[in-house]
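As structure tokens, one chain now follows by itself in the form predicted on its own.
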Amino acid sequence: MSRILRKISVLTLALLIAGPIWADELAIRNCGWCHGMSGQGYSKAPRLAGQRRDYIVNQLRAFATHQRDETLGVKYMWNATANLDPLTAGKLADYFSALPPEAMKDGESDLVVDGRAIFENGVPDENIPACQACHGPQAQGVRALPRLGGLSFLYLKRRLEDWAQGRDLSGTPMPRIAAALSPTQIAALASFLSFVEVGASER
């Protein structure tokens, strides 16, 4: 068991012993190990600050039911969400969606123009729709669809690569879309999105 996973297990046990606490305390003590104390994430763990509330709730449920099966999700999030009740999941989503987001801006700047074209226009020759059609013109997310703007290049790139390999059991169209993108197109799209500044989620 990795050091991070051991810490999460110990913290989870401590929280169970301590009894009910506020959702922001849970987020700081537990989720903060991977997603940062302010929800801004790291290269391997996505930014949750300003993410859409319904999306967070749905993804916590997807991890708990093993519908999200990418490598790091299986390694960390399956255990972390195994005993997460709907009320606590909702409080965590309230907390993180209300935090002010910051753009990671860690993509490759020379790929931004090509990435913007994919986001705004799709790839007609591959029958790939424009990303903004579902995720909003500012990549801010729509209802339960996630905010993409400002997320880490490394996270977005890895997520698209996981989808391209068929790692998702939730019924989303993303595996088909990602599989049609070339490695260069994936890198370009992830680069562009990492620079997009997005305001706080509408929740």
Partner chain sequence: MRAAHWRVALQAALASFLTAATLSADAGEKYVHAARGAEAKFEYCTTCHGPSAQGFRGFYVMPRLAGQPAQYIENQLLAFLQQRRRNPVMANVAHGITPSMFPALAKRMSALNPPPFGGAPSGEAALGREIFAHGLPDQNVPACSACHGPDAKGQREIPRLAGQLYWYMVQTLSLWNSERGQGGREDISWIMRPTVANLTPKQIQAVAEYVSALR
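Residue numbers count along the first chain shown, from 1. Since the structure is predicted, the reported quantities are computational estimates derived from the model, not experimental observations.
Omitted here: the form predicted together with the partner chain. The next part is about that form.
S.K.: Report the residue, out of S109, T71, N83, N121, that has at least one non-hydrogen atom within 4.5 angstroms of the partner chain in the model of the complex.
M.R.: The option sitting close enough to the partner is N121.
S.K.: From the candidate stretches 55-63, 30-38, 151-159, 172-180, select the single one in contact with the partner chain in the model of the complex, where contact means a heavy atom within 4.5 Å.
M.R.: It is the stretch 172-180.
S.K.: Would you please decide whether Q132 lies within 4.5 angstroms of the partner chain in the model of the complex, comparing each non-hydrogen atom pair?
M.R.: Within the cut-off, so yes.
S.K.: Flag G50 as yes or no: does it have a non-hydrogen atom within 4.5 angstroms of any non-hydrogen atom of the partner chain in the model of the complex?
M.R.: Result no; G50 lies far from the partner chain in the model of the complex.
S.K.: Consider A45 of the chain shown here, and say whether it contacts the partner chain in the model of the complex, taking contact as heavy atoms within 4.5 Å.
M.R.: No, A45 sits far enough from the partner chain in the model of the complex that none of its heavy atoms falls within 4.5 Å.
S.K.: Does any part of A98 reach within 4.5 Å of the partner chain in the model of the complex? Heavy atoms only, please.
M.R.: A98: no, not in contact with the partner chain in the model of the complex.
S.K.: Give, in sequence order, every residue of 133-165 that has a heavy atom within 4.5 Å of the partner chain in the model of the complex, or say none if there are no such residues.
M.R.: Result: A133, C134, H135, G136, P137, Q140, G141, V142, R143, L145, A164, Q165.
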